[in-house]
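Listed next as structure tokens is one chain, alone, in the form predicted on its own.
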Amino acid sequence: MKELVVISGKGGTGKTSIVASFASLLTNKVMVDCDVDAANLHLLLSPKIEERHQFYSLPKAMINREKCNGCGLCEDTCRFEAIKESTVNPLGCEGCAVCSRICPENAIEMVDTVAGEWFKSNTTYGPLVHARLGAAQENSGKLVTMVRSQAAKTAKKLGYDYIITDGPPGIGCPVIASIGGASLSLIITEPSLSGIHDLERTIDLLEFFGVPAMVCVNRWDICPENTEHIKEICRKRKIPFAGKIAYDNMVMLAASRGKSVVEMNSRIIDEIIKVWEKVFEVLCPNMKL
């Protein structure tokens, strides 16, 4: 089974639009949205939810008022200041469980809390596994691992050979959880100074974890000089360059209509196809589309 993870060092590079376009160019695959903090791939693929499951994050402290004697030891000990007047603020609690250990009355329990949901859905282009993290909830890395695992199980069950993953932006925990064990990672960047800076950080991250990488420049015609600079970075760091995609207002129009850009009369469809062909050539060097 081959897994392509599409990531970006920063948000707003057009990563999800490109993933949705790739989804229309490959059969025999499962799609997964690992950008659980701000999932939006489902907005372009119009999925029909078939399964809905709750996601439990780290346990939170809960005080049993019947047992509590109001000594205030838990409030004094909590380094996160999550306990006031024998009441736990769930947004402040980090689940360290110190309060439950030092409570002389055993009045504090650590209780599992629902931090979000994950879904198995069906779309026009195939199965989609996606999730929604609750407001102010953490442990998105754990949820990313969950949806990737479910996508792999779905692909195995259906006998599919490919997984296309829409990864989160940045280089933090959710990204690390997205790329581990992936066959190939495609970095979507843009020809801006911040895009170049974050591109190099992303390349460093992938090299550290030993994940093969390719680079695609989206909206390259906004600054052709920076696009050439990005190509030079790829040459120096021996990263295959997948290609470049021009700016087109049709992308935003497609998103507003809940469609991928390849479903519209866009001038960049051929460029997206060329990028996909180069990516597939690296992902599966002994196979043809």
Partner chain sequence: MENTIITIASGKGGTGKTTVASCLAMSARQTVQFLDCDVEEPNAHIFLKPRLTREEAVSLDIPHVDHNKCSFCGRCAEICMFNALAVLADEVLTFPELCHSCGGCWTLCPEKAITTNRREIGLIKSGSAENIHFTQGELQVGTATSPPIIKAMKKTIQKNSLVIIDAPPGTSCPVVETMEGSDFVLLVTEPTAMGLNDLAIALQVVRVLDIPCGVIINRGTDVYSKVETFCRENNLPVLMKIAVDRAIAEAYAMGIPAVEAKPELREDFRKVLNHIKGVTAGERTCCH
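Rigid core: the largest C-alpha set superposing within 1.5 Å between the two forms. These numbers come from a predicted model, not from an experiment. Positions refer to the first chain, counted from 1.
FYI, the form predicted together with the partner chain isn't displayed, but the following is about it.
Which residue, Ala255, Val262, Ile239, Leu26, has a heavy atom that falls within 4.5 Å of the partner chain in the model of the complex?
Result of the distance check: Ala255.
Please pick, from Ile176, Ala107, Ala115, Ile83, the one residue with any non-hydrogen atom lying within 4.5 angstroms of the partner chain in the model of the complex.
If I apply the 4.5 Å criterion carefully, the residue I get is Ile176.
Are all three of Gly243, Ser266 and Phe280 close to the partner chain in the model of the complex, meaning a heavy atom of each within 4.5 Å?
Verified in the model of the complex; spot residues all out of contact, no.
With the partner left out here, check for me: in the model of the complex, does some heavy atom of Thr202 sit within 4.5 Å of the partner chain?
Contact with the partner chain, yes.
Could you confirm whether Ala61 comes within 4.5 Å of the partner chain in the model of the complex, counting heavy atoms only?
No, no contact at 4.5 Å.
Could you tell me if Leu158 has a non-hydrogen atom within 4.5 Å of the partner chain in the model of the complex?
Flag for Leu158 set to no.
is_contact(Thr124, the partner chain) in the model of the complex, heavy atom dist at most 4.5 Å
Result no; Thr124 lies far from the partner chain in the model of the complex.
For the stretch 158 to 177, which residues lie within 4.5 Å of the partner chain in the model of the complex by non-hydrogen atom distance?
Heavy-atom contacts to the partner chain in the model of the complex: Pro169, Gly170, Ile171, Gly172, Cys173, Ile176.
Would you say Lys156 moves between the shown form and the other one, meaning its CA shifts by 2 Å or more once the core is fitted?
Shift of 2 Å or more: no.
Does Ile203 count as moved between the shown form and the other one, where moved means a C-alpha shift of 2 angstroms or more after fitting the rigid core?
After core superposition, the displacement of the Ile203 C-alpha between the shown form and the other one stays below 2 Å, so no.
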